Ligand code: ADP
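Below you will find one chain, with nothing else, as structure tokens; this is the form predicted alone, and questions on how it binds or moves follow later.
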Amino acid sequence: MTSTWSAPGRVNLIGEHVDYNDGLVLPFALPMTTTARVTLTSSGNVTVCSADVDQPVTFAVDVEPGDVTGWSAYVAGVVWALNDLISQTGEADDARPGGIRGLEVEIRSDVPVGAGLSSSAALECSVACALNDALELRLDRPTIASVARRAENDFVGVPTGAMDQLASMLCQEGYALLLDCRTMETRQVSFDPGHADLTLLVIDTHAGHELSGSEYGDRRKACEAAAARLGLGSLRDADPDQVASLDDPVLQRRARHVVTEIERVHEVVSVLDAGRVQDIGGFLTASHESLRDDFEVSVEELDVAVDAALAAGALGARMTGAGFGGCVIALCRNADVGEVEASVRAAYDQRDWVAPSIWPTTPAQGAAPAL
């Protein structure tokens, strides 16, 4: 049995570093996808190959955390998490005793790696969808997303929230996905910049982006510490006065970002619901300033791209993703796109930095079967 599925990367329009604080996020799926072609075997092993990697990687189907490292760990994590789910739910039968018996996995992708566009979730979700199909497990999309998230959190060891995998699974063309990370409730919010003669640019700064280092975990721990000092289960329940009462200036800044960012998500959704896409720009820029100053996850390349875009007439711009590198998004009038692109490229050229990659994007479909 062979099954092939594609799953997209994502851009988070607004709502950064609030998913693990029970907050609200507003991602949309990119047209860029990762495709997994999975063939069931009885070899007792999983062999993974990719056009971007010289040598295939092979590991046992009963893989455990720590057994596999590198990019193939994301595939191994899905196998591990899915095998565990099958064993817990009794989905195995005589045709697949104990779960997965062997696999050949072929990967191809055009989601930029290390750009903060959730290439890891695209990989995990495409593999999980193809396995769900091949094994006829009939798992629903939120469950597949939870399998993919467990692969990232518990196997690879990156403590992300739920947004990336759910966005890859649930997003729809022409919409951003409003996700309440406490209740897991979702709503599709119309987001069509082109209808308002606007363009959303993605600017890949090519600044390094790696979440398995300490910075991401440190921010998460700081948020948990701030909530604990306030006697709250999470910063979702904090208000500005409570945040101001924190006597640790670092914890206060981290908490202030979370509280104000959740409010910005509310505001952006209200504006989009009213059909005023052009009015979200100020919230995007305010989000970047908060991420830069209070959460301190921006870097010079991101700040320069944002400033250059705004100077050339962008209605709003912000870093997107976890930070420490990656991408910026800029909302522009169609007439200003050329000037915005030229301004960002010139700013990078003046600093002798690697030229950024810049492209327009629109909300795309979530995971789907592929050829």
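None of the values given here were measured: they were computed from a predicted structure. In this text, residue numbers run from 1 along the sequence as written.
Separately, the form predicted in complex with this ligand exists; it is not shown, and the next lines address it.
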- prompt: S298: heavy atom within 4.5 Å of this ligand in the predicted complex?
  reply: no
query: Using heavy atoms and a 4.5 Å limit, would one call A342 a contact residue for this ligand in the predicted complex?
result: no
query: Is there a heavy atom of T205 lying 4.5 Å or less from a heavy atom of this ligand in the predicted complex?
result: no
- request: Answer yes if any heavy atom of S109 is within 4.5 Å of a heavy atom of this ligand in the predicted complex; otherwise answer no.
  value: yes
task: Choose one stretch from 197-205, 68-76, 143-151, 259-267: the one whose residues place a heavy atom within 4.5 angstroms of this ligand in the predicted complex.
output: 68-76
field: Non-hydrogen atom within 4.5 angstroms of this ligand in the predicted complex for each of A60, L82 and C125
entry: no
query: Ok, A335, V53, A311, A346: which has a heavy atom sitting within 4.5 Å of this ligand in the predicted complex?
result: V53
- prompt: Of the options L177, A255, L166, L117, which one has a non-hydrogen atom that comes within 4.5 Å of this ligand in the predicted complex?
  reply: L117
query: From first to last in sequence, which residues of 272-308 have any non-hydrogen atom within 4.5 angstroms of this ligand in the predicted complex?
result: none
